[in-house]
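Quick setup: one chain, the form predicted alone, written in structure tokens, and binding and motion questions come after.
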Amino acid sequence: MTRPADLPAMTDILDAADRLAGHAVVTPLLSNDRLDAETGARIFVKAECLQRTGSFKFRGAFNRISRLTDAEKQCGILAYSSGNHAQGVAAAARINGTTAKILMPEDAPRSKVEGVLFWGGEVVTYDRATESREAMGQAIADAEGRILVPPYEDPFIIAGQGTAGLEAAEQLEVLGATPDLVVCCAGGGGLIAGVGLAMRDAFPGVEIWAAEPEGFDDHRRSLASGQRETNERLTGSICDAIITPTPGALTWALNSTQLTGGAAISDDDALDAMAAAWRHLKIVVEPGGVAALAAVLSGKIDIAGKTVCVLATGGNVDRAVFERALARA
């Protein structure tokens, strides 16, 4: 990629995979007979909740930060995130010998704040309902000379996230399984853009579906209108990890051509899917990270008789929220 605004290609995902080797976890692709029987489909779940720092975000953060020059590392990093990108950036920063200051919403789950602090990141809070993290982040980066590492609007971030799709495709091929659908959560769209790119390369006919919270289904509505739509609210869903105002401009350039459709899930759908992931797959998944599985299990996407690859993207959930999910079981 010669220009920062260039869209990543499959070669960039392969390059990111080489860079991440030995640093990122090759997460398992899980299945369960009872889950298949209950849904009437063959379901494979890519457990990115078991990734380093507890979410896929480490992939993109490491791919971006590992490319900084020594002079840039001396400046330090500025990032903004509800928590998973924050932890990925903090970890990648420490591993690559630099520092990170992270803007996080005041209502971020405590487990995510603690994860950032563990990796030596400095946390600055903001009110997501009244303050713009983008504007605040740029102002801090400019004032302190820090390198801004955005959560999704960066080709290296997208390529790094795409390695989750590359791994899943390779794992499916080993099993002799060809997916009819890939279902992935969508916030700013970086993960689903990279995953869609990798999956379409391996399985050209596969459908790529976005899963989003009700009231924050900007990708689904954007696909219907043909242009980037904006959500009316900035808060109000248990799925904190995937609440964003609108699809990213860079990510939408890929997602507008790759996505088949979108599904909106309720908070109850997310809690039920968290319980199902615990019961059937023995994994802990946070509300936003289980959105794709929730869309499948709640019937928001037709999967009958199909082979489906679902991404479980994060497991950083506070105890009280997880207890709510288990109570529904």
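In this text, residue numbers run from 1 along the sequence as written. Computed from a predicted model, the values in this text were never measured in an experiment.
FYI, the form predicted in complex with a further copy of the same chain isn't displayed, but the following is about it.
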{"item": "Options 292-300, 61-69, 278-286, 264-272; stretch whose heavy atom lies within 4.5 Å of a further copy of the same chain in the predicted complex", "value": "278-286"}
{"item": "Contact check for 126, 134 and 250 against a further copy of the same chain in the predicted complex, heavy atom at 4.5 Å", "value": "no"}
{"item": "Touches a further copy of the same chain in the predicted complex: residue 122 (any heavy atom, 4.5 Å)", "value": "no"}
{"item": "Heavy atom of residue 115 within 4.5 Å of a further copy of the same chain in the predicted complex", "value": "yes"}
{"item": "4.5 angstroms heavy atom contact with a further copy of the same chain in the predicted complex for residue 304", "value": "no"}
{"item": "Contact of residue 316 with a further copy of the same chain in the predicted complex (heavy atom, 4.5 Å)", "value": "yes"}
{"item": "Members of 286-303 lying within 4.5 angstroms of a further copy of the same chain, judged by heavy atom, in the predicted complex", "value": "none"}
